[in-house]
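Take a look at this one chain, the form predicted on its own, written out in structure tokens.
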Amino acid sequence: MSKLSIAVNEDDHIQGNPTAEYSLVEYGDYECPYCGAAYPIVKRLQKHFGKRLSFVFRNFPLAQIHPWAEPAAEVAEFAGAHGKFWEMHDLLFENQLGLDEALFMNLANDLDLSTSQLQTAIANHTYRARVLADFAGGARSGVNGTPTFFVNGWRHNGSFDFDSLSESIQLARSLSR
């Protein structure tokens, strides 16, 4: 079992209490169909564990096979710079099959974000360094595909279905006692 090389920190996008009993970190790709399948499972885990679970999403765009993954990650980071990362994160996964620049502009408009600023950010790759830093951190942690999950800093090597992830989270609890 490998360990997360970069601990959860204030630079991460975190849902829930950063000091929650359990931490679930996902390295994901907005165009990856498996990440799209994992998206509602993560939502279900968050509901199931409530305040005891924090969730962190880190970008790991597989750009060679998913041409819209990296631009989508940059769009999410643009939204994050304007306080709307999680809203955009959710919309990107919920519209995963239609990822393109027109969708990005529509989603930004839906979130009352400036589409002209987004166009400039995409053209200048303003948030690319952030996305690539996430990717590099994932690679150092042994991530080689998406989605890859870490529970309390340890890689979850099983399936990403609800029961497997839930069991891994509960195991983390028993190991921490």
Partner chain sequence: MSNILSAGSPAPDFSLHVTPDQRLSLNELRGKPVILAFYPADWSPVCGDQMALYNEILPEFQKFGAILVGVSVDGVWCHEAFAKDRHLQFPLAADFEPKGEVARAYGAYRSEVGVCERALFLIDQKGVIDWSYLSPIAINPGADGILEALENLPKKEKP
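Numbering follows the first chain given and starts at 1. Remember, it's a predicted structure, so these values are computed and weren't measured experimentally.
Although not depicted, the form predicted in complex with the partner chain is the subject of the following passage.
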S141 within 4.5 Å of the partner chain in the predicted complex, heavy atoms: yes
Heavy atom of S2 within 4.5 Å of the partner chain in the predicted complex: yes
The partner chain contact in the predicted complex: C32, any heavy atom under 4.5 Å: yes
Residue contact check: R130 to the partner chain in the predicted complex, 4.5 Å heavy atom: no
Non-hydrogen atom within 4.5 Å of the partner chain in the predicted complex for each of F60, A136 and T146: yes
Proximity to the partner chain in the predicted complex (heavy atom, within 4.5 Å), stretch among 120 to 128, 60 to 68, 106 to 114, 38 to 46: 60 to 68
